[in-house]
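This document starts with one chain, in the form predicted on its own, laid out as structure tokens.
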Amino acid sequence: MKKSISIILVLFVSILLIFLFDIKNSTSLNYPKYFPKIEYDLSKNPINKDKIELGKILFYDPILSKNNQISCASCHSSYNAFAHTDHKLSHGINDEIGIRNAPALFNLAWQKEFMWDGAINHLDMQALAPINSEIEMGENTRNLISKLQKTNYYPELFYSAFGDSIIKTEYLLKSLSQFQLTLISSNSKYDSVIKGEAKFSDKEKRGHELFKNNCNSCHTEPMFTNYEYKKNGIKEDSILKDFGRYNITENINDKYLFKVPSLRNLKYSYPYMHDGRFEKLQFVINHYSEINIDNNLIHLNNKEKVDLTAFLLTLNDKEFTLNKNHKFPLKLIETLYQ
């Protein structure tokens, strides 16, 4: 009986210490009041400064790949709104080429599903896909945990974040989520207008009206996506043969459906579409002005295209791309070369 009570007391004290530990280092996500309710369940992974820092270090560390050369940041550059612009399709380990363009990473706390086809239904699980992919990072989770544990710095970092120097997959995934949850883009000119701090030019105002009449049903304000899956009307690539959402559901009605991307930060996140086939925003607007998707044709004249482009450019968030809190962590350099 006494032994049982002792065990219960030990467990209670341990839980209390973890709770107090999280409270001490807790912080919060900062986003505008006009943003919708967050989808990510923060109660199961409360925002914590040490976890965010650990997640950032992991995000930039090529140790996550089999050959220690590819990091998350290899395809998701902070200067490009955490997308990449040097090639259409993602490049991975041993110069392997993927089948899709690496999507921009921001405002992830509002997403329920991830990847162009929604293959992952939780942010905490998302990192497993690229880490274990043979053409992306080529590693396996068990070996990665072993590599991290053998370093002379990660056990200490995990202890600071989770109060446990024994590295677990759960800790790895939750810390990566923590950093990505902080990637909030909400400081564009559009946001300043919504806050009453700025005004649209006449051209931008006309473009906004065109947008609301033709684009808002899929690219819904203020996130500029409805997070659903739609046909984009582009012809199938004969080499990639990407069937989109159908690859996951095997429902014939989902063939060629891809997630609707956010239109924020278009200046930084080209090339566009799931296969990166359009290098310029002008090409995307021309595409939607020339095709008929589900009996819906968006016909714009040249002047209207200019106005719409002017509005879309108000969605660029320079502060987000230059945010020093998102950049390569100097602490990683210290740990790699100590």
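Predicted, not measured: the structure shown is a model, and the values here were computed from it. Numbering starts at 1 and runs along the sequence shown.
The form predicted in complex with heme C (HEC) exists for this protein as well; it is not shown, and the discussion that follows is about that form.
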**Message:** Residue-level question: is Y40 within 4.5 Å of heme C (HEC) in the model of the complex, judged on heavy atoms?
**Reply:** no
**Message:** Test of understanding: in the model of the complex, would K174 fall inside 4.5 Å of heme C (HEC) by heavy atoms?
**Reply:** no
**Message:** Does any part of Y190 reach within 4.5 Å of heme C (HEC) in the model of the complex? Heavy atoms only, please.
**Reply:** no
**Item:** Contact test in the model of the complex: F114 vs heme C (HEC), heavy atoms, 4.5 Å
**Value:** yes
**Prompt:** For the spot marked by L54, L148 and T321, is every residue within 4.5 Å of heme C (HEC) in the model of the complex through some heavy atom?
**Reply:** no
**Complete:** heme C (HEC) in the model of the complex has a heavy atom of only one listed residue within 4.5 Å, and of I131, I167, I184, L157 that residue is I131
**Prompt:** Of 190 to 206, which residues get within 4.5 Å of heme C (HEC) in the model of the complex if you count heavy atoms?
**Reply:** none
